[in-house]
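Take a look at the structure tokens below, where one protein chain is shown in two forms, each on its own, as structure 1 and structure 2.
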Structure 1
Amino acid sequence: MNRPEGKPTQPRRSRPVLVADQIKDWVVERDLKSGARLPNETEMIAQFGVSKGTVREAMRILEAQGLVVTRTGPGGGSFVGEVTSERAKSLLANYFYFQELTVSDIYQLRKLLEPELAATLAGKLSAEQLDRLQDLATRYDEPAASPEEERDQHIVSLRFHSQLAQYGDNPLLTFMVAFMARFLTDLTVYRRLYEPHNEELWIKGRQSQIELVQALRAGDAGEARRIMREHMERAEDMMQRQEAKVRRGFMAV
């Protein structure tokens, strides 16, 4: 019998997954922090009215997500874990890997967020932080001489943006900027977007980053915002062309 048309049915969630969600809700309701001890297995069986096997599987799910840490030995047990930024980025990247994002999809957000991040950091960075950014911006003083060096230059250029994000004080903004830099790095490597040699991309990208560091050092928020916005617009255009060249090359094989 044909299924009637309408909204697609959601996959049925297993009991351990449901219990894992209940445990998370229980932790949130009590405002438990990282390191707080969780009830033992017997207490959880009574708390959630499920079997030992279901509780154990639910805890394994939470451990895989980084939300629970289990220690053995004296003083051992299960404790609230803290998901690191790197782990969160990895999990999110796994999700977007199957969404077939384009360069335009990524830059739509980068153009909105990165100019604002740059503006908020103007005049607020230490000499050491500015020197770190300057080092990344000027790491290569010559265009790439090989595809491998071209790849490395792309990666270092994007690392500049990740480093800049680490200096922000808005956790959500800094996470999103750093995540997009990481995802674009992966996209560049996976799709080999670095292979068509593009000296213009290197020259303009390098110069924009040097000028941005100068604006940040001078404490000029408006100039930092302008430089980053124009940098994002140029980079999007040139990366789209890189993507198109790679696609044409693939189709010609």
Structure 2
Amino acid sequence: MNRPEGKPTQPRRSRPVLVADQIKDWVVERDLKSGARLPNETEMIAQFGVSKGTVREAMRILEAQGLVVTRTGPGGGSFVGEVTSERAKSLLANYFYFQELTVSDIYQLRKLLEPELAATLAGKLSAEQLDRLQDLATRYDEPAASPEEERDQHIVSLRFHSQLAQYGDNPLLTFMVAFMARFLTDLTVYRRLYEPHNEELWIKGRQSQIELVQALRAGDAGEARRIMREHMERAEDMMQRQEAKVRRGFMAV
């Protein structure tokens, strides 16, 4: 019946995908913003001439991408939804799940981006923002007494970077720095990249975050950049040692 073409080789797109695309176009054409209401199920069934199940599958596709949200009840329905940075990070992490990203790969970018970020923020932060960073930097004042504490300290240290990124005004730079911090957090937890205890590096790392806050407060961009660059180099060194130890651990078993 429906065989208009002699080129069947392209992967056939299922009806829910086609409907999802049409809804996307519909939203873009009307330039609908976050919160705008979409037609309800009944209207879409009539509009697209498909069954309820198909409409629902289309909505799940859009929901999975963070483009719509759905609520039940009167006044409910489907609405245009802004993609959150959390969801964007998760979706991007799925990609790198298949890419064998190494600690070195991440740090090549961190070393380029984070010193620049620090420099642009010098003298631009409010007292509250600086205090928030100070709190994260000084939350632990003693070297870890257990592997669990070591892991927690590591995660808070990454939160410091993620929080700093939050204060930037370049959305792309903010996102990338936060994404890398999250990816390293996942590695820390999942691959246990925290066990080899190194007190000296921990002390220096903590100290440099404190000094960085001081430089930011003083508005010294050059100093902020320098501190962050050195901090990145030490952090990379530490994580690579840990990764090497983890590898040896795997091979020993």
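Whichever C-alpha set is largest while still superposing within 1.5 Å between the two forms counts as the rigid core. One-based numbering along structure 1's sequence throughout. Remember, predicted model here, so these are calculated numbers, not experimental data.
Structure 2, rather than structure 1, originates from the form predicted in complex with a further copy of the same chain. For the two-part rigid motion between the two structures, F175 is grouped with S90, each C-alpha going to the part with the better superposition fit. Of the two rigid parts, the smaller turns 25 degrees against the larger between the two structures, judged by C-alpha superposition. After superposing on the rigid core, the C-alpha of Q47 is displaced by 9.8 Å between the two structures.
Overlaying the rigid core between the two structures leaves the Cα of V80 displaced by 3.4 angstrom.
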